[in-house]
Structures are given as C-alpha cells and as structure tokens.
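Consider the single chain below, provided in structure tokens and representing the form predicted on its own.
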Amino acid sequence: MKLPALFGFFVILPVIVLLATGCKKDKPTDEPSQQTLILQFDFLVDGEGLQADTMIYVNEAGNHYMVNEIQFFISDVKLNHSEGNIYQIQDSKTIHYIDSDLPETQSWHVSDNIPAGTYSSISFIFGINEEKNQSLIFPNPPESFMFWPEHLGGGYHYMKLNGKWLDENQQVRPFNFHLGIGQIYYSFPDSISGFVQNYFQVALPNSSFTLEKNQTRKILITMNIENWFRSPHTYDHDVWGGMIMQNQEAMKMACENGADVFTVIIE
C-alpha cells in the first residue's frame, strides 16, 4: 500500500512544477526609458558674452553700436537621425520664445521623450511659419509683446534686436533691427499689394550627437550677434536707418545674414 502512494507523489510533483513554471511572468525585454533634451541659449559678440547697453562694438560696416535687448522665436525644431528619418519636437509649445533680459526663457526643457539614438544634425525655423504665425495665439506677455501690426501682415515678430549706433555725424541714434512678415507696396507707406514670409531654416553646424537610454543631454545654442551685420551682406546702419520692419529689402538682407548666426555646443 505504501508504494502506490509514493508513486502518486512523484507523478503529482512534476505537474505542480510545470504549473508553477507556466504561471511565471516573463520580464519585459524593452523597459521604458526617458531621454530628455535641454536647449540652452546665449548671446555672444565677437566670441565674448554680450555686454548690453554699452557702446563697445563695431560692425563690419564700421558702425559703432550697442545692444539693449534681443527677443526672438524659434519653432519646428527637427532632429535629423543618422539613419535618415527625422524627429520633430512635439513639445506642447513648439514655438519657443527667447529673451536676453529673461533668463528663464533661455533654457527650454523639452517635454518630449526623445527616441534614443544617433542624430546627425539639428535644424529649426527662425521665426514662425505662415500656418502657425497667427495673431493672438499668445495672449500673455512677454510673447504677446512681440505682436506684428495687423496692417503689416499680423502675427508676431520673428526677432527684435534693439540698440543704438553712432551715426556718420557722431550722433547716437536708436535702431530697431526687427524681422517679421515683409510687405510689397504699390506706393509706400499706405498701399500694400502683398506680403513676404521672411522666416528661414537654420541648420546648426557640427550639431551631431548621441542620446543614450535615460540620458539628459544639454545643447547650447549661441547667437553670434555680429553675424547679423556682416555675411553675406555688409549691413550699414547709416544706409538702412533706425527702423526696417517696413523695408523688405533690408529685412531680406538681414534674413540672409541670419543663416550663420547660430552655433552649437553639445554637452
């Protein structure tokens, strides 16, 4: 009578082991990860940090000038993957505002979970494209202060670079180096026949980087202010005067100079 009972024990034991093994959950092979980008912005003139409100700079045309403040928008930031696909940042605020007087605007902690991988370059739109550049999308300051007059095309400035220069008569004069939607006139300044979208694409040089799983990567984007005035066009304040937002020829020149204004450091 003892042998059958013992035999039954050895038959049941493997079944229990199999059931226990079958109920065991497999560990997921791809654990969730969080990759983060922080875009940091700063301002240089001739390789040195911007010193505002001081007449210490000389541009390519020989104008002595100072910078009082800079405000601008970038939008539609794209990360170009080394395999050819493109990741466009989908942060809830795809348009980002930067202000030389507001340090909190100079650091953009992107909320996206960026896919890990190797990226060959970074690009963005300087300003805002015509689809997104709609009046009243920014109800509150400081962004709301960037409005572009409705009769000049509406929406928002791409940039305000405000300062002063010493003119050819050695008089200090203010300049508003403002970029936004341009106008075509039948007769200046009242009869506008059309508008020009002056936003432009910026491809950051030497901006390749690798983002590992669960890594936070800081990218420093620098505006080199002197480049607005020197390449490929020598910009002369004595020629263009203090205000250019109704002068499409001057704005076009400035936008073309903007192609190499930005440099980047990957940290």
Partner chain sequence: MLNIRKHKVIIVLIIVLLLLSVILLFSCKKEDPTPPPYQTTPYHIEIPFGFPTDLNIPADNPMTVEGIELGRYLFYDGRLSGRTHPDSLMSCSTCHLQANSFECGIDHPVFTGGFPHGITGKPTPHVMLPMVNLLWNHTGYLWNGAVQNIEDIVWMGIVAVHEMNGDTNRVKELFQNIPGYPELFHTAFGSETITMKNIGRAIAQFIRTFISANSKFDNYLQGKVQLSPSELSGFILFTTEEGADCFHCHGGSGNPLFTTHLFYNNGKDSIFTGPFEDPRDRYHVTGDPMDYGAYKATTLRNIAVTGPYMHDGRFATLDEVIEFYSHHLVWSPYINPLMHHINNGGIQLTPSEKNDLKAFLATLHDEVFLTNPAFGPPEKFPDDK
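Positions refer to the first chain, counted from 1. None of these values were measured; they are calculated from a predicted model.
The same protein has a further form, the form predicted in complex with the partner chain, not shown here; the description that follows concerns it.
With respect to the partner chain in the model of the complex, the three residues Gln201, Pro205 and Lys252 uniformly fall beyond 4.5 angstroms at the level of their nearest heavy atom. The stretch from 115-123, 77-85, 168-176, 193-201 that comes within 4.5 Å of the partner chain in the model of the complex, counting heavy atoms only, is 168-176. Among heavy atoms of Ala259, none comes within 4.5 Å of the partner chain in the model of the complex. Among residues of the shown chain, Lys164 is one whose heavy atoms approach the partner chain to within 4.5 Å in the model of the complex.
Interface residue remark: Gln248 is not counted as part of the site for the partner chain in the model of the complex, having no heavy atom within 4.5 Å. Under a 4.5 angstroms non-hydrogen atom cutoff, the partner chain in the model of the complex lacks Lys93 among its neighbouring residues. Residues of 235-252 that come within 4.5 Å of the partner chain in the model of the complex, judged by any heavy atom, are Gly242, Met243, Ile244, Met245, Gln246 in sequence order.
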